[in-house]
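Next up: a single chain in structure tokens, the form predicted alone.
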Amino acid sequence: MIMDGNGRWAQQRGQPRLAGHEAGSETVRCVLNYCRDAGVKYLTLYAFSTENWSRSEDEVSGLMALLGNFIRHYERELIKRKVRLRVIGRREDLSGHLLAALERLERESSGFERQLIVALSYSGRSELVRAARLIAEKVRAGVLLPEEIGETTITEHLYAPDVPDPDLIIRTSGEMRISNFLLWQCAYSEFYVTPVLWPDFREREFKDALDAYAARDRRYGGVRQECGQEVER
């Protein structure tokens, strides 16, 4: 999920942008419930991009504080519900205090099957650059031959190589772009864009997205049969 529209939500109400982020954190709680009820095993939330560091110092510090509060107030609930937390992104960009809290919860929840993946200080391009560097180091060390490099090799060097590619990517606020999110993984993902701003995204919108996904014909570049004839994608 690309959680977009917090700032506009606050602006429409004459409130500071951070108020929109606070309202959006409640939506995260709701969406976790929706995913549980719908049997969704993997949920990836685009929480903070590497580009977001260019925002005002007040907004960035407020967002980091909000994330820390969310972890403190919700970590017992995640454990109770048997949800595994994973963080993807540039961990070195985070404060030591916040990183310690995130990694503690990652360890405590590591045995659970349902997963909440939080993209934090994340960039799809940076993830691919990182993978390329790791692969290059193995080639230089003689551990890997250039001709052995394939799609699987790249996947194995991503932040969470064992997480399946997303079936569905939902973006709120109506913006029609991917915003540097899971560039490698979204090759065959279905997209659903809603004009609803993230703080207002509730169960009805979630169900609409799942219904739209269920109606799609996913062929991964293949063909299907109609009246005895092949129809290309």
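What you are looking at is a predicted structure, and each value in this text was computed from that prediction instead of being measured. From 1 onward, residues are counted along the sequence shown.
What comes next is about the form predicted together with ligand FPP, which is not displayed.
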Using a 4.5 Å heavy atom cut-off, state whether Val60 contacts ligand FPP in the predicted bound form.
no
If we define contact as a non-hydrogen atom of the residue within 4.5 angstroms of the partner, is Cys186 a contact of ligand FPP in the predicted bound form?
no
Whether Asn33 contacts ligand FPP in the predicted bound form should be assessed with a 4.5 Å heavy atom distance threshold; does it?
no
Does at least one non-hydrogen atom of Leu67 fall within 4.5 angstroms of ligand FPP in the predicted bound form?
yes
Counting only non-hydrogen atoms, which stretch in 203 to 211, 188 to 196, 161 to 169, 48 to 56 is within 4.5 Å of ligand FPP in the predicted bound form?
48 to 56
Within 1 to 21, which residues come within 4.5 Å of ligand FPP in the predicted bound form, counting heavy atoms only?
Met3, Asp4, Gly5, Asn6, Gly7, Arg8, Arg17, His21
